[in-house]
Structure formats: structure tokens, C-alpha cells
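Only one chain is included here, represented as C-alpha cells and corresponding to the form predicted alone.
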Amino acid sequence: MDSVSVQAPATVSNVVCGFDCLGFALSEPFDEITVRKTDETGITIIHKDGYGLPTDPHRNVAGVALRAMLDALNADFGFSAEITKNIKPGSGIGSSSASSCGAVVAANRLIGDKFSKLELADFAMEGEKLASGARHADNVAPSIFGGFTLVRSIDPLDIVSIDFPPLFAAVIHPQIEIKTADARAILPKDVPLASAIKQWSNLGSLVAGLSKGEIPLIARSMEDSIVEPVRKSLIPKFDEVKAASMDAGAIGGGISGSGPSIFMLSDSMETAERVAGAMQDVFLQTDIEFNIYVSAIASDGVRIAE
């Protein structure tokens, strides 16, 4: 093959009580990435979108992820990546991980699928490190593996795929930017033991609820007593959106990643559409522009484009 094109999905990380360890993949939006193998060593990045992202491969998340792959191969060739971003940078729905994951999945197909999904996730984490200053996999894991994933460990990397019932997400993205590094900077340095125990309990019961397909258990487990109370101050109308969404029939939800996007889960597409309408009604009362997405939880991650 001369080239491979992929669709790399948006993802939601943290999922309320699973800070830095839990995430899921959306069916849409997704980035479109085409990778070509080149005779020349090194990496070329071409952006076909209007976000003004760097094309220097040392400053581009896809570039550093591909560099990690080439280093692992001790390669005497290179890659060219053409990227069309449909996931706005700084949106809180895994923009950087989509670029990193899409690039390495496409490159891996070009070289005959030499690397496992776990190894690809490890390469893609280099992009996350560039974007946020830390190697984390809560967006990378669902982008590569699809569905719901739990990152048990970063070193060594250990990713667990979680069974889940049919679920649908409504996501509102206020057109403001919250940098991941800034959102991390306001987090508490110390957590009271009672709060930590409550968080562990909710995460355990959320994973159990997903695996057993018990919607009521999922609903009562989506509670965050550590991160959301601090970060929600960065997001206009957060409490109003969450309350309106619950009134519209949502199971639960919260901040997507570091924000500003807010996600809410529902057990049917009909309910998710109604929740999206409730979200929209709240933000129409402001002068803040926004995008809304309604999507099934995707069982697959980065997809090879037909």
C-alpha cells in the first residue's frame, strides 16, 4: 500500500469518577488522517484544517508519536502524515489523542501491523506528553481500543477493555479553550482519605455497572467529589447544563477530560437527543458559541477508512 487513511474518534476521559484512568470512544466527531511511507528518513506533517497547529514534527503530537514508532523500528525510512482535524484542539474530547492515535494506527497498517494495540497506545502517549506535559492514556486507550477502557497502570502500560450496555452520549462544547495544563494546575495537591475512599467506591461500582449492564448502578456511581467541584468553575453554566440534562432523562455525566466540553450519558438515542436539546437551551441564554454532538458509544477505536 502507498498510503493508509483512518478516522480517529473523539473520546471522553475521566467519566466523572475515573480521573486519568477511565474513558470511552465516541462514534463522531473524528479526525481524518492519511499516512504515507517515505524513502527519506524523518517525518512530514501536513495540516488540511484551519487551526494553525504546528507542522514541525517535534512540536506536533502526531509527529512525536510517529517518531517514537520509527525509533522502535530503528527505521531507515520515514512517514508523511496529512491531517484534517474535525475535533477542535482544546475541546476536552481527545483532540490530541485522536491525531496521535490515528497517525500510529495508519502507520502500523503500512508496515504490516508489526505492533500491538498496547504498543501503539504507548507510542501515542508521547503525543499526550507533548500536549499536556504528562504521559497519560485515558484518551489514548479508548481511541485505540474502542468502547470503555480502564488504564490500570502507566508503567508498565496496562489497559483493560470493559464490557458495556448500549449507551449514547450528548456532548456540548462551548467555544472557549481550557488548556489541559491549566486545568491540572488547579487540582488539589492532597485529597482527604474519606474523599478518596468515596471516589474509589464510585469508580469500582461504575465499572461493575458497565460490565453487568445495570443502568441504575451506572447512574448512582457517576459522582465525583474530588475533581469536578474544582474544575467546574472553569466552565460557564456547568451546573445548569447538568441539571437540565438530568431533567431531560440523562443517566449522569460531567466534565469531558479537562473541559470545556460537558458530556451526559443516556440509555437510548431518543433520550440523548432530548438531552442535547436541553443543553442547547441553556447555552442559548448566553452569548457563547457552542457545538453539540450526539453519538453512540463506539465499540471500535481508530477505523481504517474505506
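Numbers follow the displayed sequence, beginning with 1. The structure presented is a predicted model; accordingly, all values stated were derived computationally and were not measured.
Keep in mind that the form predicted in complex with L-homoserine (HSE) is missing from the display, and what follows is about it.
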| property | result |
| --- | --- |
| 4.5 angstroms heavy atom contact with L-homoserine (HSE) in the predicted bound form for residue 202 | no |
| Residue 19, heavy atom within 4.5 angstroms of L-homoserine (HSE) in the predicted bound form | yes |
| Partner proximity in the predicted bound form: residue 138 to L-homoserine (HSE), non-hydrogen atom cutoff 4.5 Å | yes |
| Distance check, residue 184 to L-homoserine (HSE) in the predicted bound form, heavy atom within 4.5 Å | yes |
| Segment assignment from 118-126, 149-157, 78-86, 176-184: heavy atom within 4.5 Å of L-homoserine (HSE) in the predicted bound form | 176-184 |
| Heavy atom contacts to L-homoserine (HSE) in the predicted bound form at 4.5 Å, residues of 217-237 in sequence order | 231 |
